[in-house]
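A single chain, nothing else alongside it, follows as structure tokens in the form predicted alone.
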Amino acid sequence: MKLKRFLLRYYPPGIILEYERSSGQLESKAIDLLTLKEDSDTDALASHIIREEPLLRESHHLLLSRLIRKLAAKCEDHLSQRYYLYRTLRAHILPLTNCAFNKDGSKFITGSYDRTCRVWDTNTGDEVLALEGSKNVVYALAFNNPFGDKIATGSFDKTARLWDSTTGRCLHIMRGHEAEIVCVAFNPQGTRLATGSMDHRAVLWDVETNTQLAVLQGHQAEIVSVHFNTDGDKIVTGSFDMTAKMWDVETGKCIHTLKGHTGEISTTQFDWTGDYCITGSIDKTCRLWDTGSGACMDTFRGHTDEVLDCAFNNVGNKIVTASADATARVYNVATAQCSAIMVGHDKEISKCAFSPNGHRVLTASSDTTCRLWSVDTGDCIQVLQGHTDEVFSCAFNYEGDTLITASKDNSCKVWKECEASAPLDAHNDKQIDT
């Protein structure tokens, strides 16, 4: 085997080794650096990696150490980080339902009760495409990241649609559900699409051929969350029947039924390694599960009302939960202890997300605002104001320098990171309505 080149993966931090086999076939392998910090000893880490990895030689030490330092710099907490309102986009004529970035953040998509999905250029604010054809609300949407050349939408018309993200052409209409589709997800390889529905079923589809690969049956109520692991060989579904189920993607068979919640499941997610997954529930808790055994490892308590969303940070050592009690909480996965409580919203928080480097949490609330929080202290760093109705969805781009927020007020807002030397108010004149 011959090493060809190094590639960096910023979030979670890692180095990809691209190598050539004797047959001429190119392959790659990842070296995960999930414990990397801004003050890590990069020279010692480079030496350790070279000792453990047969593809590497001592002659690679200087380059490897330099690459690790670059990754470590991405882990730094920029305490002065703030955002200004860059664009307000108003093309939808009815409330928005969801929003999502492509991998490089150059485009994002919005879904709406107006039965469309719209594709936007992040930098110009221009509407690039209007994906029309659904006969009811476009509720769920996703890019096939990291590729970004396809978009999936799920609608209350009981169909999902696959679109070319460059031309806007509808590639496939996926029919088979008997009720509204409320969640969609691509596998990381971009070859499979999962759809979850109010008909109690999830379906796995082949993206190229539009064929049903498996119907995931067993839940006794609507499925509201679907999520693939990083390897793409497992999927977890969350249901209003108070359980989550883990499935083998290849066979479509249920591996584990995750029981323990005493209320409906609101959300599910795997961590980066795929060793664990979390479930949020209206029983006011979030649970951590071992994906190998299906056992509940911990129950994260403290909220006084429904947990509406939860998420891992990029390395999987922290969890954030968002609740109808108007607070968000950060928990340490190893100890199950709550390390920060984020208090400031006036109404329920429906969405939460870690920044790519894990130092910030973004929350969206029914109080018409989003807030940016410090993960370490729980302090509110910034209130993102301007929406006039509930904010349903929010997201960071991959670099963490741009945010999007989507609201019931029919608009989506784009927020850009302020230059380090510029005061926040200096950018107010940059708001542009599109």
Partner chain sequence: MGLLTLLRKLKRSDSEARILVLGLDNSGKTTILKKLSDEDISHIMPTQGFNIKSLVQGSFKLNVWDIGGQKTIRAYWQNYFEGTDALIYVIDSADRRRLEESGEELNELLQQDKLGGIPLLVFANKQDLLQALSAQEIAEQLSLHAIRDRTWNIQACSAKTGDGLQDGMEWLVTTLPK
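The structure displayed is predicted, hence computed values, not measured ones. Numbering follows the first chain given and starts at 1.
The protein also exists as the form predicted in complex with its partner chain; that form is not presented, and the subsequent description refers to it.
S.K.: Report yes if any heavy atom of Gly316 sits within 4.5 Å of a heavy atom of its partner chain in the model of the complex; otherwise report no.
M.R.: No - in the model of the complex, heavy atoms of Gly316 and its partner chain never come within 4.5 Å of each other.
S.K.: I'd like to know whether Ile93 contacts its partner chain in the model of the complex, with contact meaning heavy atoms within 4.5 angstroms.
M.R.: Yes, contact at 4.5 Å.
S.K.: Can Asp325 be called a contact residue for its partner chain in the model of the complex at 4.5 Å between heavy atoms?
M.R.: Although its partner chain is absent here, Asp325 would stay clear of it in the model of the complex, with no heavy atoms inside 4.5 Å.
S.K.: In the model of the complex, is there a heavy atom of its partner chain that lies within 4.5 Å of any heavy atom of Ser266, even though the partner is absent here?
M.R.: Yes, Ser266 sits close enough to its partner chain in the model of the complex that at least one of its heavy atoms falls within 4.5 Å.
S.K.: Just to be sure I understand the contacts: of Tyr113, Tyr86, Phe101, Phe228, which is the one whose heavy atoms reach within 4.5 angstroms of its partner chain in the model of the complex?
M.R.: So the residue touching its partner chain in the model of the complex, by this definition, is Tyr113.
S.K.: Among Thr402, Ser65, Ser40, Ser366, which has at least one heavy atom within 4.5 Å of its partner chain in the model of the complex?
M.R.: That would be Ser366.
S.K.: With the partner left out here, if you bring back its partner chain in the model of the complex, are Glu76, Arg360 and Tyr398 all within 4.5 Å of it by some heavy atom?
M.R.: Per the other structure, none of Glu76, Arg360 and Tyr398 touch its partner chain.
S.K.: Only one of 162-170, 301-309, 334-342, 201-209 has heavy atoms within 4.5 Å of its partner chain in the model of the complex; I'd like to know which.
M.R.: Stretch with heavy atoms near the partner: 301-309.
S.K.: So which bits of 141-157 sit within 4.5 Å of its partner chain in the model of the complex, heavy atoms only?
M.R.: Going through 141-157 in order - heavy atoms within 4.5 Å of its partner chain in the model of the complex - there is one hit, Phe156.
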